[in-house]
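In the form predicted alone, a lone chain appears below as structure tokens.
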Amino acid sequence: MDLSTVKERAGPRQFGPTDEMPREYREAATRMIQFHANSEIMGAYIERPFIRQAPSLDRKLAVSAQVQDEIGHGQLLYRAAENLGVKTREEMLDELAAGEGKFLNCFHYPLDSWYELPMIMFFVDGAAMRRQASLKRTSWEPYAHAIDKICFEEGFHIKHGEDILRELATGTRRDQEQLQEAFETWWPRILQFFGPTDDQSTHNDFSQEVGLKTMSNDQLRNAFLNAYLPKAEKYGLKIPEYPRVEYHENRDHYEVYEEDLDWDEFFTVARNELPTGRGQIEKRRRSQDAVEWVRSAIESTPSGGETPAAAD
């Protein structure tokens, strides 16, 4: 199939492993799905310390389940990317451990307190859900199939994050102050979650032409803002003065001044050059090295021709 045919036929779940796709499509889809898979893995790593630090047994169990879900999502997505024939799952994991794999900006920053957890579990996961819901109509069917399961489980993560947010927002005055501090720290990063503005995005146009994406970065950012800014206010959070957000009453529509966002820092993050991000990558590398003996043992065991389920 040539590229012009792909663009003509592009539609929801249109293509799969039995289709001979052009190199440009396979590389673009691999880059997009690998980025998503890396982000699931790295998101789990910043949440993992709170399995121990959570204030109750119920919270510990819920965070533990969420971390396991995120790791599972990553593995599912690596398999969906592997079907494109550009990279193996092992190559993608090795790239992540070597600092060559890209992942979402919010997961380059550590979480230092329990008050920051709702910023990831509610706002970032809510942003992720906005994007993932649109990817149920992506043209690469194995990706869309994986997204079905991911969206189902992410819905529970968001509810758990909202429950923590509600608990803190209705807690003591000190709880409310620390929650507000966390919100002010994370809000600009969350607004950059969807990536650069459309005019600065390198891959957006091609991805939409071949049906890999169905909404642009700016469209997703505005949709998230309109859904989640009222939710933040519902829990008593004050929207920071900067970056500026404007409400258009005639359209019942919020819009961020994108020029207020720190795009220099964003692109430093995107190149894996932020010190905190490099620290997160190093943690991932050490964890991968630590279970190398498990992968070797599994892969050396006769499997009757079936693909072994390697350890994370």
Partner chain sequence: MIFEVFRQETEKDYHTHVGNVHAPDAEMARLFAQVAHARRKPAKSLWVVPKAEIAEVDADDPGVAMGGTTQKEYRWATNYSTGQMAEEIEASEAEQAEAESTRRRAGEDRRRGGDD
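Positions refer to the first chain, counted from 1. A quick note: this is a predicted structure, and the numbers were derived from the prediction, not measured.
Unshown form predicted together with its partner chain; subsequent notes refer to it.
- Message: Even though the partner isn't displayed, in the predicted bound form is residue 86 close enough to its partner chain, meaning a heavy atom within 4.5 Å?
- Response: Because no heavy atom of residue 86 falls inside 4.5 Å of its partner chain in the predicted bound form, the answer is no.
- Query: Is residue 206 one of the residues lying within 4.5 Å of its partner chain in the predicted bound form, judged by heavy atom distances?
  - Reply: No, residue 206 is distant from the partner.
- Task: Mark residue 227 yes when one of its heavy atoms lies within 4.5 Å of a heavy atom of its partner chain in the predicted bound form, and no otherwise.
- Result: Yes - in the predicted bound form, heavy atoms of residue 227 and its partner chain come within 4.5 Å of each other.
- Find out whether any non-hydrogen atom of residue 69 is located within 4.5 angstroms of its partner chain in the predicted bound form, and reply yes or no. Residue-level check for residue 69: yes, a contact with its partner chain.
- Sort through 94 to 102, 234 to 242, 110 to 118, 206 to 214 and report the only stretch with a non-hydrogen atom within 4.5 Å of its partner chain in the predicted bound form. Of the options, only 234 to 242 has residues within 4.5 Å of the partner.
- The unique member of 90, 184, 148, 175 whose heavy atoms fall within 4.5 Å of its partner chain in the predicted bound form: Here the answer is residue option 148.
- Query: Taking 23, 27 and 77 together, does each of them reach its partner chain in the predicted bound form with some heavy atom inside 4.5 Å?
  - Reply: The answer is no; none of 23, 27 and 77 reaches its partner chain.
- Considering only 158 to 178, what residues come within 4.5 Å of its partner chain in the predicted bound form, judged by heavy atoms? Going through 158 to 178 in order - heavy atoms within 4.5 Å of its partner chain in the predicted bound form - the hits are 158, 159, 160, 162, 163, 166.
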